[in-house]
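Just the one chain here, laid out as structure tokens, in the form predicted alone.
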């Protein structure tokens, strides 16, 4: 008993408990990261195509995704196979009992087609038909011919998108004039002059767009000529338009180097491409860009305002009822649910401030709102209010860490109060200020609820930044990675197929947050070293 009392009195048990708590916390974080990395990392690796012959004589071709005990036959297993061919089979997945499988093989001539519509297609190529050649699947140059056609179709689609962007730019003046005419007519005003300008703008648009529309028709015709004839495992043939193919690979015939090339190519498409098939396939670049831009706008709004507030409270304000109320309000705001900030942002920023801007500057376009609807600017300002208490508290702690002797020394050398603050106190407190910015970025990057009512959308047709003046369009809606995860994981029409996409997006979001935080942490550490050197 005395040994136990001594053990407790010396604090050995407490040290073991605290160490165990640290290990448990690190294990939970590491487990989360490992699960995300394992699922997301293996998602893009080319998996073998398996052909199953069932006891009823039917055949299935696809990728084995999962295996579990068969609930209908204890002691046996069943597999979930991704069969693809959605327009033919009606579903991407099918459960198959091991007892119903007569034979299993991995055919070397099976191909996977990643398509822009209807998901993946699994089958056996028969022939490639285009306007100038016909290549049989048994031909030695079939794979090269198919790759050439896919690349040519990709160039045509890029040209198609470029032509459409040019047509949109040509139509933009007409759309603005049409909105002004509609607004004037809705208010009962005379719109004869505006209608004349609109007619002239439409005439110029028709003249300028005629060759573009003709070329667009030619591109559509060229893109639809090449077709790949595929034979399905269950019998029958299917003609696949080559322009609908993103990637065509024979997974079972790939070498390790070729598999790695496909793996990296898929990752690049995921990071740099646009989403397709209701966000369940394709890339997430618009979501990455929207998240990064929103975080930067939020930081530009929250950090200066938070620093100024903290400077006033710590350096100028007296300890009275007012400052106590302000600090109490900041503490309470830090605990307010984020959706409340979203409702405030919708009512104040969108409807009040944005509506006022529309009435003041864009009255001709009313009732169609310009700034009086959700956009990336209002979402960033809403998150700036959400993270403001964090910045204020962190900045105040940084200011309070500055020794009073430093202030007194500067004043004794003849510096004014403002000069002391600007050249001595604020540089000394910069690491604390950056700590507040780091915490604000980390919280804002993962918030979703306020964005759902202030500007985030499932799919943004145009990004907030493009080559059209004024280049940065703060009134536009945007995509966000957090909302993208929610949408794909819980609102997708094909949740099972989209599940690995959710993990991949989570991994990218974690990396983005870590990169933003590391940049701020490195800057903070450099400033600390510089301050130590100056003190010496």
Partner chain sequence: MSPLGPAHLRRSRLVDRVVAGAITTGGSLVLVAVTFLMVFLLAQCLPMLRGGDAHPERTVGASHEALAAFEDEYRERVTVLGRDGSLVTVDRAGQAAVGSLEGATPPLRQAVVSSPGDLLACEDASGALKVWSVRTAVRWGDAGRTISTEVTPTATLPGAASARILAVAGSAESPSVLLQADDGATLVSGEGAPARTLTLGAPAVAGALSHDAREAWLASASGLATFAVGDADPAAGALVATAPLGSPPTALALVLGDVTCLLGDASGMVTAWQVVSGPVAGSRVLDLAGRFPGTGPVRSIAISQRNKCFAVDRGGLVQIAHLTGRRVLVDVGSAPLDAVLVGLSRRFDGLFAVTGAGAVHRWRLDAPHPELSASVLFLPVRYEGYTKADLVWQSTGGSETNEPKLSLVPLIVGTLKGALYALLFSGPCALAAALYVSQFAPSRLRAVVKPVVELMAAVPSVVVGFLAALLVAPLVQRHIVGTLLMLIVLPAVVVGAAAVFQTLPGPWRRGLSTRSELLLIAGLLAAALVLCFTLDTAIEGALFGGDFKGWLLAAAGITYDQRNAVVVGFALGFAVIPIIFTLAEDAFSNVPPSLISASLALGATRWQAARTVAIPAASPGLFAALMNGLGRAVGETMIVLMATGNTPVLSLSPFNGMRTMAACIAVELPEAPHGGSLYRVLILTALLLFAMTFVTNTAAAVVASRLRKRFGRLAA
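Positions refer to the first chain, counted from 1. Superpose the two forms; the largest set of C-alphas matching within 1.5 Å is the rigid core. The model shown is predicted, which means the values in this text are computed figures rather than measured ones.
FYI, the form predicted in complex with the partner chain isn't displayed, but the following is about it.
- Taking the partner from elsewhere, no residue among 91, 248 and 259 has a non-hydrogen atom within 4.5 angstroms of the partner chain in the predicted bound form.
- Out of the listed residues 264, 144, 329, 210, 329 is the one that sits within 4.5 Å of the partner chain in the predicted bound form by at least one heavy atom.
- Residue-level contacts in the predicted bound form: of 188, 367, 235, 140, one residue has a heavy atom within 4.5 Å of the partner chain, and it is 188.
- Residues within 4.5 angstroms of the partner chain in the predicted bound form, judged by any non-hydrogen atom, belong to 346-354 and to none of the other stretches in 121-129, 235-243, 153-161, 346-354.
- The shortest heavy atom separation between residue 97 and the partner chain in the predicted bound form exceeds 4.5 Å.
- The closest heavy atom approach of residue 482 to the partner chain in the predicted bound form falls within 4.5 Å.
- Although the partner is absent here, residue 56 lies well away from the partner chain in the predicted bound form, with no heavy atom inside 4.5 Å.
- At the 4.5 Å threshold, heavy atoms of residue 270 stay clear of the partner chain in the predicted bound form, well away from it.
- Scanning 387-426 for heavy atoms within 4.5 Å of the partner chain in the predicted bound form gives 388, 416, 417, 418, 419, 421 in sequence order.
- A displacement of 2 angstroms or greater separates the C-alpha positions of residue 314 between this form and the one not shown, with the rigid core held in common.
- Comparing the forms between this form and the one not shown on their rigid core, the Cα displacement of residue 188 reaches 2 Å or more.
- For residue 301, a C-alpha deviation below 2 angstroms is recorded between this form and the one not shown after rigid-core alignment.
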